[in-house]
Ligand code: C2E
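Okay, so here's just one chain, in structure tokens, the form predicted on its own.
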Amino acid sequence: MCDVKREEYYDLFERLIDSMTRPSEFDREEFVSILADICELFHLSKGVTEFYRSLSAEKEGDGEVLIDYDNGHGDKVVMFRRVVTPSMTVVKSTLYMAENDGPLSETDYRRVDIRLRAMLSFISRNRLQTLVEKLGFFDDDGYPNLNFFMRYLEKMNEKGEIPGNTVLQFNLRHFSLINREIGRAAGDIVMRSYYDQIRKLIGNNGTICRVGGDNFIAVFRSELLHSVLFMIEGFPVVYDTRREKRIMVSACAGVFVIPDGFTMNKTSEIMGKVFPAAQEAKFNPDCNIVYYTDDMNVRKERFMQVSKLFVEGLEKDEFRAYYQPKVDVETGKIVGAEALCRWIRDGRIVPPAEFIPILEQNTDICRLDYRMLDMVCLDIRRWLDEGREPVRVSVNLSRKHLIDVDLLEHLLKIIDDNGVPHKYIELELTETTTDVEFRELKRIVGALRAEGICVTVDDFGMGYSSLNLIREVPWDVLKLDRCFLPVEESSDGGVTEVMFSHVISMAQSMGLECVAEGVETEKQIELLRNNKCRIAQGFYFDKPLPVEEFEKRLQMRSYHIE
């Protein structure tokens, strides 16, 4: 190699190494330009690089093939290298010359080989980095994930661009019902389209990522908030262009408007604000969009305090079963009862609204349900041992139990360990809307009935799947929510009474026993009688009673009814 060519080679090789190892962002055009200069220096006609994620992908030809240089003058192979990395990715490179060009000299061959091996090492590292980026910052469906969002916030913070933005976490409403209605494949199209519409609106002024399932999080300039919330409220999404089919999609969202002067030391400072707002929006039936306020921190502290005191309360036996009678409206006879939890701490009753919603946010509610069932079984066993005639007692079970594949075994163990005949136990489960919960609900209800345990659908009419629920799940009892009962000042022109009448008629035609809860007035009692709904529960007869008081009612056996 002449001195001029040697110097040119070293200059090109130095530029190549600099391009491959530069800390700043990789410039592919510059890299390809240097490779082309090196190929021309050694009279190479073409260079082809291949990358495969695995050995099996290589066999199937499923990979990337890049032709970094091709002058169109020949395809005689002069060098081939194949590298298998420790992670089992495969990188191959082939160099070509024109057919009539002479072979490379020994010195040139060695120098080209060094360049080729350096390039293969770089490409394998570069492609692996791309692969890691894809695996670490995108989910299986190609959506940027929570890691992507956290990194985006950190980049914004480094540039001092956090103030003036809004963070919004949202959950698609009733999306499991959409999947059930139009199928999962069409549901995926709907989700992607909804995401794309909001991403298009945000543009380069922020980002939107999926944090799992149908939950998303976004950050964008605050001046876009009104437009984004307009889309969150809902818009029709096309899922079948050929048939022009579309479906309305909306979301519930937590919003944190980042104030001027806000300093982010770590991303959790933002997530800790938008997450509580999103949770409140998800469980708030009256408001789909909730803005973060400082009061939420107080509620968060209350949540942590209640969770801690709950464990202490279980250990100190502070929870009690109170019983609210279920009464036959024709005879006044007590035909059953519902066990309701009361927390007695430091001599006062803690209102259920202060702890039940908190326990329902995790599996603590399941521990409480099991404790309640055990207390009820203990009372029933004692009544039997004392020669009393028990009534069937219903115990509430949270939806959270449906993730427990051994739920049936756990329930039967408590009942059977206490020696309670199954006919005295009734389990109340609330309506559900997710596909997974629905399947599990159907399975567990059937299994409980096979064991002779009565099963009730609680708060019927509060959910969105009510009719499908009673059609597909083999319930024993339908418990009507109080919303079906007219109140004295009702101004709906009798619509509530009509609905009540038809629901009772439908349930009875299906062989379901009906129970109306929240009964408080003579008019409501009359309505139940007129529609042959015989069992009522509510303050008209009694509030939930301590076990001693309820035992007195049992001894009395019936109420006087006009």
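Fair warning: this is a prediction, and the values are worked out from it, not measured in the lab. In this text, residue numbers run from 1 along the sequence as written.
What follows is about the form predicted in complex with the ligand, which we do not show.
Novice: Test of understanding: in the predicted complex, would residue 520 fall inside 4.5 Å of the ligand by heavy atoms?
Specialist: Close contact exists here: in the predicted complex, residue 520 approaches the ligand to within 4.5 Å, heavy atoms only.
Novice: I'd like to check something about residue 340: if you look in the predicted complex, is any of its heavy atoms closer than or equal to 4.5 Å to a heavy atom of the ligand?
Specialist: Yes, contact at 4.5 Å.
Novice: Do residue 234 and the ligand come within 4.5 Å of each other in the predicted complex, heavy atoms counted?
Specialist: Residue 234: no contact with the ligand in the predicted complex.
Novice: Using a 4.5 angstroms cut-off on non-hydrogen atoms, would residue 372 count as touching the ligand in the predicted complex?
Specialist: Yes, residue 372 sits close enough to the ligand in the predicted complex that at least one of its heavy atoms falls within 4.5 Å.
Novice: Which residue among 428, 214, 280, 379 has a heavy atom within 4.5 angstroms of the ligand in the predicted complex?
Specialist: Residue within 4.5 Å of the partner: 428.
Novice: Going by heavy atom distances of 4.5 angstroms or less, which of 89, 324, 176, 418 would be at the interface with the ligand in the predicted complex?
Specialist: Selected option: 324.
Novice: I have 356, 459 and 538 flagged as a candidate spot, so tell me whether each of them has a non-hydrogen atom within 4.5 Å of the ligand in the predicted complex.
Specialist: Yes, the whole candidate spot contacts the ligand.
Novice: With the partner removed from view, which of 260-268, 90-98, 390-398, 440-448 is the stretch that lies within 4.5 Å of the ligand in the predicted complex, judged by heavy atom distances?
Specialist: Careful reading of the contacts points to 390-398.
Novice: Along 542-558, which positions have a non-hydrogen atom within 4.5 Å of the ligand in the predicted complex?
Specialist: Only 544 sits within 4.5 Å of the partner.
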